[in-house]
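Quick heads-up: it's one chain on its own, the form predicted on its own, in structure tokens.
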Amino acid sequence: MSSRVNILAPDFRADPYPVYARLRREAPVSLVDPVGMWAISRYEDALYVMKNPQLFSSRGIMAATEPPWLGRTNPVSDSLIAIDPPRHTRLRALVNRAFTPAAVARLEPFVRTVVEELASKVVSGNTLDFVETFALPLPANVIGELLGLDVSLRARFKQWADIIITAATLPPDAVELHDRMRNTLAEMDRYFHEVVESRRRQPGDDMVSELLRAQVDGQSLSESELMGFFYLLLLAGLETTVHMLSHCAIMLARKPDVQARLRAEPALIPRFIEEVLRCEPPVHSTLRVTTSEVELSGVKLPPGTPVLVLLASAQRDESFCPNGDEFSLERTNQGNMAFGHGIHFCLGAPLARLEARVALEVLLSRSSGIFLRQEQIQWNLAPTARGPVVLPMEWKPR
């Protein structure tokens, strides 16, 4: 390609997929702006990176979570997403003790209750912001319930997540924004430390208490590891689920035939969710750093090279998914990387799928038509996640 792609440029954020297609054809491993990382756009290369953590370290995520101006540790840098084996293996085993399929399944009645309440506001025939009215409060309430957090603070979760996820995009001279980021981290630290101390004094039936009890080979989670998990759950459980629900809503509004089919055949809703995750993954990319010289698609990358794995491009790669730019309910592709792959496959994937399934079951059963009321969508600015900032919609009741 003749010039570098800027992955935060407004025109790119509005529709990155033609650019991804050109990258796959012409420059499958290429430098991109604004942070000068090497972007990996083909499925085969992306899968190789994700399957080989010994060659592509997750410590590369620190470039985004701990910019030089931060001047302190970001707990996300001490979480599962940003560490390698053998420490990752131990930490994942500990967290698995609390984040079991049975624990997720037990949440379905609560999820359905929240969805029913929110759906009564959404399916009204009025134009509303779907993000604010539904896509945000659903996962915020679920995370709050999961961790046993104060209901009054749940509205602030998204503010915290938004600030943390934009750390890598803040310019070095944005002093006021830097202060806001540091103040946010300090506020979150205080709150989560108070939660941990409260559960130590009085354990409850929640994930915080389970994490404090969890042990593997006589070892428990350290204080910094607990903080890292809470921060990661806030980002992964909230930010990505908000985007996933929003992408589902956009796809339904743009495809009335799919709306009608899902109302007639609700058993197809899980398949719809998987195809949305393939076409419009909430996590567009993930970061790695090479540990030794590696060659991908004919390009040699020296040790210490920052790598941006373009998951959203890989999942539309023709070699993996024929006619990958087209949405189809008939697909049965295996290998969807929307929730990662290998040792870093997202622990919260079953919970996110549960939330989306219950949400669509209820919303589709109550609505007769779903409409976008603003074709030009304003997208967030983040190097790894893509979703609408606001989403004006109309859901007509039956």
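In this text, all values refer to a predicted model and were calculated from it rather than measured experimentally. Numbering starts at 1 and runs along the sequence shown.
What comes next is about the form predicted together with a small molecule, which is not displayed.
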Within 4.5 Å of the small molecule in the predicted bound form - does that hold for a heavy atom of every one of 229, 340 and 346? yes
Which of these residues, 363, 32, 352, 370, gets a heavy atom within 4.5 Å of the small molecule in the predicted bound form? 352
The unique member of 283, 185, 308, 208 whose heavy atoms fall within 4.5 Å of the small molecule in the predicted bound form: 283
Using a 4.5 Å heavy atom cut-off, which of 289 to 297, 130 to 138, 231 to 239, 317 to 325 contacts the small molecule in the predicted bound form? 231 to 239
Tell me, yes or no, whether residue 277 is in contact with the small molecule in the predicted bound form, where a contact means a heavy atom of each within 4.5 Å. yes
Non-hydrogen atom contact residue 192 with the small molecule in the predicted bound form at 4.5 angstroms: no
Residue 80: heavy atom within 4.5 Å of the small molecule in the predicted bound form? yes
Touches the small molecule in the predicted bound form: residue 272 (any heavy atom, 4.5 Å): no
